[in-house]
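Listed next as C-alpha cells is one chain, alone, in the form predicted on its own.
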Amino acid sequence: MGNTKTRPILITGGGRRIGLALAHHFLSQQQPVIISYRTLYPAIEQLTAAGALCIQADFSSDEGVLAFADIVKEKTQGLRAIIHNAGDWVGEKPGVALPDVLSRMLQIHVHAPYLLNHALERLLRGFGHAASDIIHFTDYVVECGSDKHIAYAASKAALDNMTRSFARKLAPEVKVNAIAPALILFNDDDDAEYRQQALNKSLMKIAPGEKEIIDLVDYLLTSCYVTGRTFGVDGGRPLR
C-alpha cells in the first residue's frame, strides 16, 4: 500500500458534518486532502488554511460533475481514495413536482458518483494491489425503504448496488465499499423532543458522533481484502 501519503484523498461534500470531520482527521495525519463543496462555509476557509485543496463544484448537472473531475485531474496525478459523501435529502411533499424530486436525488446520489468513478479511474489505478479505495455513503433506508423519502431511498439503493459493480470492475487494484449510516449526529437546532424520538428508533439509543464513521473509514482504507461490501452504522435501527 505504498505512496499513500503522497496521493490525496478526495472527499465530496467535505465542508460540513461527516465530510468535514473526515477532512480534518486526514489532515491531522499529514494526509493530503481534496474536497468539493457547494456553498462557501467558514469551515472551507479553515480547511484551506490547514492545507486542504478546496474546489467549489456544482453536482446538480452532469456538466458540473465532469468539470469538477477535470479540475481534479489537473491538480493531481493520483488519488489514494474517493469518498462519496456529498448528498441531498428531499422528500415527496405537496407543491414539489415529483419528477424534480426524483431527478435531484438521482443526480446527486447516482449520476455524480457514477461519473466521477469513471472519470477518475485512471488516478486510482497503477499503485499496486488494494492500494486505492472508493467509499460510497448510502443510508440504512436501503434495507427498509421510506414512505416519506421514496426517491431518496431509491437513489441510495442504486448507489449501494453500484458499490458491488465498481468493486468487480476495479479489483484488485481498487477496493470499493459502502457505509450505510442512520443517525450519527444531530443538528444544532434539533429540539429535545425530536432528539428523543430519533434516539428511540435505534437499539443503541445514542447519536455516536463522527468518530464511528472515521474509525470505519480508517479500517476500510487499511484493509487489503475487503471489497464490495456495505457496512451499516445504524445502532440496530433496521431491527426496530
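Keep in mind that what you see is a predicted model, and the values were worked out from it rather than measured. Position 1 is the first residue in the sequence shown; the rest follow in order.
Not pictured, yet referred to below: the form predicted in complex with a small molecule.
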Inset, instruction - Determine whether any heavy atom of residue 85 comes within 4.5 Å of a heavy atom of the small molecule in the model of the complex, and answer yes or no. - result: yes
Legend entry - in the model of the complex, residue 166 touching the small molecule (heavy atom, 4.5 Å): no
Inset, instruction - Tell me, yes or no, whether residue 24 is in contact with the small molecule in the model of the complex, where a contact means a heavy atom of each within 4.5 Å. - result: no
Legend entry - 4.5 Å heavy atom contact, residue 80 and the small molecule in the model of the complex: no
Inset, instruction - Report the stretch among 72-80, 95-103, 118-126, 151-159 that approaches the small molecule in the model of the complex to within 4.5 Å, counting heavy atoms only. - result: 151-159
Legend entry - in the model of the complex, the residue from 45, 191, 58, 215 that sits within 4.5 Å of the small molecule by heavy atoms: 58
Legend entry - Non-hydrogen atom within 4.5 Å of the small molecule in the model of the complex for each of 13, 16 and 38: yes
